[in-house]
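What follows is a single chain, given as structure tokens, in the form predicted alone.
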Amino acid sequence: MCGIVGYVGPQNARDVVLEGLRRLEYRGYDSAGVAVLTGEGMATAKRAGKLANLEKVLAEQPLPEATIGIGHTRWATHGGPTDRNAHPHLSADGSVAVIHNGIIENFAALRGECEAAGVEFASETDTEVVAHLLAAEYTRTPEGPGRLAEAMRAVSRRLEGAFTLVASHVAEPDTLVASRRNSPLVVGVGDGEYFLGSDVAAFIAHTREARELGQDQVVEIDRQRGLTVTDFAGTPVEPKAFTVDWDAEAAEKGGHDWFMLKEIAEQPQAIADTLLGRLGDDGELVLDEVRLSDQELRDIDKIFVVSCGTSFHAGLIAKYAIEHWTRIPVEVEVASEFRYRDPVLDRSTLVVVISQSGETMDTLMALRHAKDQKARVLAICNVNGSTIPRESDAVLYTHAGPEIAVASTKSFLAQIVACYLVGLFLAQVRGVKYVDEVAAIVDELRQLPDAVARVLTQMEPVRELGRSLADAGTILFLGRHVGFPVALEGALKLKELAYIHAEGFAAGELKHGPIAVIDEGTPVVVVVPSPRGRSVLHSKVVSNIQEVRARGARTIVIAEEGDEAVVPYADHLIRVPRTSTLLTPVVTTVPLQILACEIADTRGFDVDQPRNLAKSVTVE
């Protein structure tokens, strides 16, 4: 997720673009850059780090005044957060400037094509490929109105993956073009001026009139000809008009009351982006970075998954999937305890570390201990170029985009999906699963964004339930198999957001102590396994529901669509779509996120910044 701004109009483009970038910095703060187009040519400035770094440079070395410009705040995917990887990217002759949000899956093949033609690349990004392709295509496109837009359509047809692209060309100083596939782009329409943005926050200070770009569409904004939208084939399209009724602060949150709610709503996209580009041309699964040979991975005879907090719960889910698919024993450890208990590690041990930020100190220290013991380390991380990925032997990035709310939501679901991918990758390398078997499970994973989106459309009863539970003193969560880590995560979310005593238990442990705390009216949330895959577990959990209900509990049951056995015992029933057993945490977690958020909001607490907590724990 990156922030994109474009402007064509009478104002100083640099100032308009920088203002838009400030409002979009929550979408990416690894680096920032701007480009303005004047009669003299293209002028650019970009810097790694937060937007303030770029603003300092521009204060000392201002760009020339111009009335057309583009800007970008980056969340790094391909290539670390450095000056040279910052956007905009230029073509070799400097004629084209491009900014990009998304992931171009086939960039490696396209880069090879460009290099074969003699192009020298200045960055490690997938985006730079587009600048070179667009410059080459422009020279082949007949002169006349709409030339840059036609070149953009031709290039867009060749790209695979998710992208929003905005480009300018020195030969067309009155024109911006943009292209969209599987990545957001909106157009702001003002009085004699136009804006482009990743979302409406980019231009809310200037206009509330907007146009929504559809899938596989190209927009051309020309100072004389105005706004033109076509599909990738060149067929004219009438964009959907809408009026933004949010203020500037709400616009940054996508109209939601809290960043957490916005990030919950972004979970389908976060899952989809995490899955992008994972199958190579040969059909085999690929990670982002692997500095281990296939033989080294085949030699692995034990796996530790090491992480903290919510990431630890993702690790618990990983254990079920990795052991099932690879038949390698897996242990899951809290990072803060890992090195102090002197675990047995050697060259045949793989340590999988999970960290949203890549800077979690306990996890980093566990990683370094594992390396000291000669173990191999594979990182699952959301921040490209952070310390943990840099010090690991292999990396899989979750591509969830920046997460502003302290409580992790979209990062958690992306981590779960990443854990599945790691398990499948190991199974593939070790020959436990064939390519077609891996591809079949990846296809199932690709259905999860739609499943999560369905869950999100059915959450109003959960919000009502949350409001009714705001005065609860204790809430218990029960689950079995992969539902147990989901129960732990649900309890954690409630504790950190609403400051209510909450505990998650393995449902089979109920009669070994926890049932003693059940009292009249005690809310008990039960994550029910599918009756299809593990019917024995299902019947046991239904028995657990009956047991707590008989003791006065208020039962809140999360069950898949079509499960009628739970209906007589559920005071509140929350339905989720059917999925394969191992994949169910991705859909069953979502109602628990909404529930915790609604309870906290009803109790009057700051959902995005709960007390005593920080987004990234960088001390032991």
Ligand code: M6R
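Please read all numbers here as calculations on a predicted model, not as lab measurements. The term rigid core refers to the most C-alpha atoms you can superpose between the two forms while keeping them within 1.5 Å. All residue numbers refer to positions in the sequence shown, first residue = 1.
Here the subject shifts to the form predicted together with the ligand, a form of this protein not shown in this document.
- For the ligand in the predicted bound form, the listed stretch (162-170, 215-223, 493-501, 424-432) containing residues with heavy atoms inside 4.5 Å is 493-501.
- The partner is absent here, but in the predicted bound form a heavy atom of Ser357, alone among Asn182, Thr207, Ser357, Thr141, sits within 4.5 Å of the ligand.
- Contact annotation: of the candidates Val486, Val525, Ile271, Ala407, the single residue with a non-hydrogen atom within 4.5 angstroms of the ligand in the predicted bound form is Ala407.
- Taking the partner from the other structure, the ligand in the predicted bound form has no heavy atom within 4.5 Å of any heavy atom of Thr125.
- None of the heavy atoms of Thr349 is located within 4.5 Å of the ligand in the predicted bound form.
- Taking the partner from the other structure, the ligand in the predicted bound form has a heavy atom within 4.5 Å of a heavy atom of Cys308.
- The closest non-hydrogen atom of Gln415 lies within 4.5 Å of the ligand in the predicted bound form.
- Comparing the forms between the shown form and the other one on their rigid core, the Cα displacement of Trp75 reaches 2 Å or more.
- Once both forms are overlaid on the rigid core, the distance between the two CA positions of Tyr26 between the shown form and the other one is 2 angstroms or more.
- Legend note: Cα of Tyr26 to Cα of Val406 is at least 3 Å closer in the predicted bound form than in the depicted form.
- In contrast to the form presented, in the predicted bound form the C-alpha positions of Tyr26 and Thr602 draw closer by 3 Å or more.
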